[in-house]
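What follows is a single chain, given as structure tokens, in the form predicted alone.
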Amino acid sequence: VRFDTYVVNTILLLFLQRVLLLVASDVDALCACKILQALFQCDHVQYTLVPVSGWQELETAFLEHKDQFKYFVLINCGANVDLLEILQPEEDTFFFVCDSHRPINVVNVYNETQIKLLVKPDDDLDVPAYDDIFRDEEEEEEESEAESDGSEPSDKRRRFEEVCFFCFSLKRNKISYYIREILFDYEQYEYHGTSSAMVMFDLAWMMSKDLNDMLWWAIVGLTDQWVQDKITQMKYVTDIGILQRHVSRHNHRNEDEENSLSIDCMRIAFEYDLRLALYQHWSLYESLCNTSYTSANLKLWSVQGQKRLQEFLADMGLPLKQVKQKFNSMDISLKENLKEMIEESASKFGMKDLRVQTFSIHFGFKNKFLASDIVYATASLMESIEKEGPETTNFIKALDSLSRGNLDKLHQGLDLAKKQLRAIQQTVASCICTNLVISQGPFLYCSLMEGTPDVRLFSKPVSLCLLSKYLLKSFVCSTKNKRCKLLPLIMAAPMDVEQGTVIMVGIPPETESSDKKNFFGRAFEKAAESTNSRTLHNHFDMSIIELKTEDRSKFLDALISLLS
């Protein structure tokens, strides 16, 4: 279902009902949720919000609320499985699914009554044709019955029926094999479509209810996909271009108005900024050391790498004292041409992509944030390992930090994000220096042991994925083995020591031409099936699983033989 008049009218119907919102635990989902909440508030729609971090929580939430609600909105969950089979809803229950996970389950695509998919018109879903996968078996049975009708003698008739049945079985097997092949090709790789926050903003725009706050949330949702490496650079740049037109429309001001901005106003601006994590809220030195791109390219885990960093800073002519103090405290004269100075020196050190297209937001006169700052802060709040009240506390905190009235929560998130980035870089350095990344043939493998510093942080899926991507980038820069540079990575970390489980994530190879498609989801399923490994496929990303520690070696052996 695309964004045409019919869909918008169907969604307007939703605005007349009581709605249950089921929202996944990722930054893009939170941003999409904020946009939808703002739309609901415009029209005084009653809704209940339930955070869900996996399939088990989704099923539980549905069972608890199915008697009170008939309308369910699923954000960043539900598209890549057969929802009706999993949830077994009544016929008068309706699901609106806004999910960037691909591929979308074919049953969800072709169900025209209970499931409404919110998808941008230019998103190519590449779904197999209806007639190719839903053959009408009843027609085939009728054909075979018609063929076996006649008035021949009973012996001949019996032989004829046997031949017919044999031919029909052959035909049926051939068709089911053909359908399996089509579905295998379609479902083989997991990837991501347009950010859900962008889809929600598009909806608000079509309803003429789009606001600057909603636009900012759409920008943060897209930036989350880029920070988490879920989409290609081409897709990112294309979507940035779409949002840039909206930014110009919403933030167009005359010079006179520019001087009379109120202290609580909000302004979004396009930036061609540095690809340095949180640098405006940190010191430039810390940011260079803890950004994946610079750390991997300069090989900062080695003594030689540290020397290269000193040379890089000297080439820019930046005194160490200035670089190591808070960015806000640096000399204004140095900050004026900083981006150009860094870019010029970076290209000499093989870092040609140190600047990136993005957006910034200004709250009043003082507060300025880049979209990536918000992504890091919100993700850190959501996966905070500091125990405070019920499990949903982190989700609510992260959601609140996206509102401009909650700057204290946002700053708390920025502090947590700095700790997380330091922990990631220290773990990457440790893994590379102690040769923990080993080639298993068709993939690289790295396992964190219980007792590793910050290991509790990496029992969380988003943190573990970020660590895996940083580690693979660094490993590709450090290894001399050309074959290993082209391999994907599987990473494992302790999940629950008492239960004896590990969390495992698979990520695609780190190549410039990478299409970001991930085959580990299906491979994990097959390997678990063939070895009877005790696994839990509870995450909305199929390439993340939980596994019993003692089943790990047989599971990995099966994966190696499956992918070799």
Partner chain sequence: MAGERAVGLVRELQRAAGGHLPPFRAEELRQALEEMRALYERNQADVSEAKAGRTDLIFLIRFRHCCLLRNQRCIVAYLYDRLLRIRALRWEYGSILPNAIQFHMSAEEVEWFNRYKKSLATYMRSVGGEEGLDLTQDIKPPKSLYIEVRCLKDYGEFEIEDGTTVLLKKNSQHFLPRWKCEQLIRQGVLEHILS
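All values derive from a computational prediction rather than experimental measurement. Numbering follows the first chain given and starts at 1.
There is another form of the same protein, the form predicted in complex with its partner chain; it is not shown, and what comes next is about it.
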*May I ask you to choose, among Gln56, Thr511, Gln41, Gln499, the residue with a heavy atom within 4.5 Å of its partner chain in the predicted complex?*
Gln41
*Which of Ile503, Leu49, Ala527, Ile507 has a heavy atom within 4.5 Å of its partner chain in the predicted complex?*
Leu49
*Do all of Lys299, Ile438 and Leu464 end up near its partner chain in the predicted complex, with near meaning a heavy atom within 4.5 Å?*
no
_Contact segment among 533-541, 517-525, 61-69, 24-32, judged by heavy atoms lying within 4.5 Å of its partner chain in the predicted complex_ = 61-69
_Considering non-hydrogen atoms and a 4.5 Å limit, does its partner chain approach Cys484 in the predicted complex?_
no
*asked:* Contact with its partner chain in the predicted complex for Asp400, defined as at least one heavy atom pair within 4.5 Å: yes or no?
replied: yes
*asked:* At 4.5 Å between heavy atoms, is Thr393 in contact with its partner chain in the predicted complex?
replied: yes
